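In structure tokens, the next block holds one chain alone, the form predicted on its own.
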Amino acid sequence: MVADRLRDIKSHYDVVIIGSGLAGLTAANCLAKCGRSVLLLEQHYNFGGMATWFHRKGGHIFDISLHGFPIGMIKSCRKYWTKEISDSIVQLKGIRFDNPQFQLQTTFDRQDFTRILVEEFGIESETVEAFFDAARGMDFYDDQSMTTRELFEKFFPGRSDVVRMLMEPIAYANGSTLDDPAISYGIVFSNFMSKGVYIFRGGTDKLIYMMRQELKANGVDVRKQVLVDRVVVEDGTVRGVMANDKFISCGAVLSNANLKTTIDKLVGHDQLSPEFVAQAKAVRLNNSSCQVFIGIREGETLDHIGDLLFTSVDPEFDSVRLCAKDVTSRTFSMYYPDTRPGSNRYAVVSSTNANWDDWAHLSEDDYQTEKKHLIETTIAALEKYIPDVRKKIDHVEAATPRTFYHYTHQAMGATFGTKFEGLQVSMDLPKQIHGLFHAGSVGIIMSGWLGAINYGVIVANEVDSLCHEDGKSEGRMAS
């Protein structure tokens, strides 16, 4: 018998939130603390969106995207979640680069990057300071015509080595390229440069568990394995959602799904103006990812070789080659026992940016062959840093853009959401349909977990304002 995931739901909610990524979870918590009745619906069996995890035989736990975020996460989690969550955020101090142009280790903050650029790369300190100030001063409302390539050429002409050091980690953080608006680089880069890279100690499963407990304490109705088919709109106003073939009435909907999915499938173009539809169609999806999850046998140990390793055999940084199926650049995320206190287990996760079209249309046999090739070449690359690692591995598997599409329903497996232009479309959605909001992964916001949480807060405030105004209108009508 199939379980009724919507059993005992209320007849009406102030807000229904579609999707439990960190933006959706945070928006739900903020709205509940404002006194709103909130129903959070997640189609997957886990909450967290891309911030999730999975278990495998042999006691392995793999985090999907726990690879580092800016220090701002501490403040945001303390303010919008709990002190206990923020207290579990700790700094990663061993960030390594290894490529044909340079090898170095850094704490990944402005002070250390300045030292490296001046002492190791020979850049004038005044130029370095001017670059950092320019990046930090960028704002969404600034001129968006300058590309990241032009930004680098302005400050570091002809220095491909400097470009690589400054650009490569951000490309892994939000999928940006040299030809994207410089603002989409500058804001994310400056967030990391504040005080380095941080991680949640205890693993994503602990984080999401703590968030779920907080949501329940604040009265959020949380349901998983519920697929929302569409947002019900009448006369330009949200009336509810259809989920698992059931109508749920609500005053507002906040979609944490992919922007394209929200507009094309959940809403439909017939509910929107032709001009807005054209703008939405022009929004480009960002690239996807591949990951290889490497589990180390219980009782085995790994030497400490750093926390994040940005590795490449490419002669220079290249946005196109960074996503190629013939992998030349990888980030290795090392998970030592202190990542999960009380555990003695080690794991390694290799991440590469990837293109949907390289994987989407392979036959099943070719797909499995390519996954095996990805795994083998990844282990071979890791052996450079841990020569005996192969004999210590007792589990390994790969995820591709097809994997991410299957589990998240993200269009084209777009793990980084949309390009920069998606943000304006996301922000303008409530102007098209009264009571409809969006807080998915869009361009400049996607500085990983921090961007997702903060965007959830921003949109939650807008939803709360609408609920307040609608409530006053109803009161005036009743009187």
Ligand SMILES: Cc1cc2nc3c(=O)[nH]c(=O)nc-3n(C[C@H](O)[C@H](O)[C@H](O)COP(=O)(O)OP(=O)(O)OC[C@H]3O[C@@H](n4cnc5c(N)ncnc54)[C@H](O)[C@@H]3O)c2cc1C
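Sequential numbering from 1, following the sequence displayed. All values derive from a computational prediction rather than experimental measurement.
Omitted from view is the form predicted together with the ligand, to which the following refers.
Trainee: Of 221-229, 80-88, 379-387, 163-171, which is the one stretch near the ligand in the model of the complex, taking non-hydrogen atoms within 4.5 angstroms as near?
Mentor: Single hit among the candidates: 221-229.
Trainee: Look up in the model of the complex whether L266 has a non-hydrogen atom within 4.5 angstroms of the ligand, and give yes or no.
Mentor: The answer is yes: L266 has a heavy atom within 4.5 Å of the ligand.
Trainee: I'd like to know if I64 sits close to the ligand in the model of the complex, meaning any non-hydrogen atom pair within 4.5 angstroms.
Mentor: It does: once the ligand is placed as it appears in the model of the complex, I64 has a heavy atom within 4.5 Å of it.
Trainee: Give a yes/no on whether F416 approaches the ligand to within 4.5 Å in the model of the complex, heavy atoms considered.
Mentor: Although the ligand is absent here, F416 would touch it in the model of the complex, with heavy atoms inside 4.5 Å.
Trainee: Does any part of R402 reach within 4.5 Å of the ligand in the model of the complex? Heavy atoms only, please.
Mentor: Taking the distances in the model of the complex, the answer for R402 is no, it never comes within 4.5 Å of the ligand.
Trainee: What is the one choice in F310, Y407, F132, Y336 with a heavy atom within 4.5 Å of the ligand in the model of the complex?
Mentor: The residue in contact is Y407.
Trainee: Which residues in 251-266 have a heavy atom within 4.5 Å of the ligand in the model of the complex?
Mentor: The stretch touches the partner through N256, A257, L266.
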